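There is one chain below, alone, in structure tokens, taken in the form predicted on its own.
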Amino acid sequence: MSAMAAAGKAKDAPIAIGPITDADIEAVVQLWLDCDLTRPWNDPRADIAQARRSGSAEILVARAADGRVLATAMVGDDGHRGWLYYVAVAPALQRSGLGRRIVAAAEDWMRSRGIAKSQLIVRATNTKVRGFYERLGYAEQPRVLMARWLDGRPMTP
């Protein structure tokens, strides 16, 4: 099936969005790999386990009627703001509206917890994703992001 046909089917087919289940984990990891969201220092399975243990995070999964994982958003609450991570849509379904739906579900999760502001971090070179978020109303805020590896590794750009 072509990407356009798959995207059309995704728009018309019922899609359920809900919390990740044990059965979703491998498909979610594969989606994140397919969308180039992982880095060597971020073990996706460890990130999933940590989010699931936390009382302040959720991994939302958009599933087709047959159970296939189509999109994800990890959403968290730091006690002051909401954060989006691992927003991913199956490559064949990008530009189908599914990204907008999974972000809206994550924002609803934040609202349900009384969170008034949603934030995310995008690599400066990822112009495609920056454009997506700008179309959703997100805007760059002038901030300096500082970080430190707690295991002593040097920071690199």
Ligand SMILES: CC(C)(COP(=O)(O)OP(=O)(O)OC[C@H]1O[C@@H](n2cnc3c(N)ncnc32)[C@H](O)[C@@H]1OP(=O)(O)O)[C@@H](O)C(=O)NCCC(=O)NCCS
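Just count from 1 along the sequence shown to find any residue number. Quick caveat: nothing in here was measured; it's all calculated off a predicted structure.
Although not depicted, the form predicted together with the named molecule is the subject of the following passage.
Interface membership of I121, defined by any non-hydrogen atom within 4.5 Å of the named molecule in the model of the complex, is confirmed. Although the partner is absent from this view, A51 stays clear of the named molecule in the model of the complex, with no non-hydrogen atom inside 4.5 angstroms. A residue is said to contact a partner when one of its heavy atoms sits within 4.5 Å of a partner heavy atom; K117 fails this definition for the named molecule in the model of the complex, lying far away. Residue contact check for Y133: one or more of its heavy atoms lie within 4.5 Å of the named molecule in the model of the complex. For the options R100, R68, R113, R45, the residue carrying a heavy atom within 4.5 angstroms of the named molecule in the model of the complex is R100. Scanning A105, A57, V129, A27 against the named molecule in the model of the complex with a 4.5 Å heavy atom cut-off leaves one residue, V129.
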